[in-house]
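Starting off, we have a lone chain in the form predicted on its own, written out as structure tokens.
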């Protein structure tokens, strides 16, 4: 598993893959070719059903130019700081309050793109 393909493979199985540098230990998202902290290319994947985090911000979209999102409106979107460190943008469908603990999960959407959801 390497690069975005690693995320896609994990999401297809309903799992969240997060890159971690084996040189300095830092987790990073989105995946990159080298560690953003120390520039090492020794990267491994942390794969889990879900990763814990804290909701930093949330908004609700009431309009979308994307046809495929219109049936899902209103659509919650949130910023979550994962316990592992990185901040991720994800769907946040359940009404939440800033500071709430959430679990971030990954799946593939109808186009085959990995998407994250906080619950």
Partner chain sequence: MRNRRDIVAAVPVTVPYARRSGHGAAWFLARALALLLEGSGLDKRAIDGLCAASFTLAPDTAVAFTQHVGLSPRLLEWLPVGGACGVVALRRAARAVAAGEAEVVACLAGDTANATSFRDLIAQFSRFSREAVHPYGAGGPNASFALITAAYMHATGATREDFGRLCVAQRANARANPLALLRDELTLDAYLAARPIAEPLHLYDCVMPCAGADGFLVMSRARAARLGLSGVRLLGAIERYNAFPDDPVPLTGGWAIDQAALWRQAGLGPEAIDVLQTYDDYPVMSLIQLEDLGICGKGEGPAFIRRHDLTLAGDRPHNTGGGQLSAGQAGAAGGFLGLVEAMRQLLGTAGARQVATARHALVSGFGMINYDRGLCSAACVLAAP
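The term rigid core refers to the most C-alpha atoms you can superpose between the two forms while keeping them within 1.5 Å. All figures in this text were calculated on a predicted structure; none of them were measured in a lab. Numbering follows the first chain given and starts at 1.
There is also a form predicted in complex with its partner chain; it is not shown, and the following applies to it.
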{"query": "Contact flag, residue 31 vs its partner chain in the predicted bound form, heavy atom cut 4.5 Å", "finding": "yes"}
{"query": "Residue 48 within 4.5 Å of its partner chain in the predicted bound form, heavy atoms", "finding": "no"}
{"query": "4.5 angstroms heavy atom contact with its partner chain in the predicted bound form for residue 53", "finding": "no"}
{"query": "Residue 98 within 4.5 Å of its partner chain in the predicted bound form, heavy atoms", "finding": "yes"}
{"query": "Residue (of 39, 83, 89, 94) lying close to its partner chain in the predicted bound form, criterion heavy atoms within 4.5 Å", "finding": "89"}
{"query": "Residues from 64-91 in contact with its partner chain (non-hydrogen atom within 4.5 Å) in the predicted bound form", "finding": "64, 65, 66, 67, 68, 69, 70, 75, 77, 78, 79, 81, 87, 88, 89, 90, 91"}
{"query": "Did residue 64 shift 2 Å or more between this form and the one not shown, C-alpha, core superposed", "finding": "yes"}
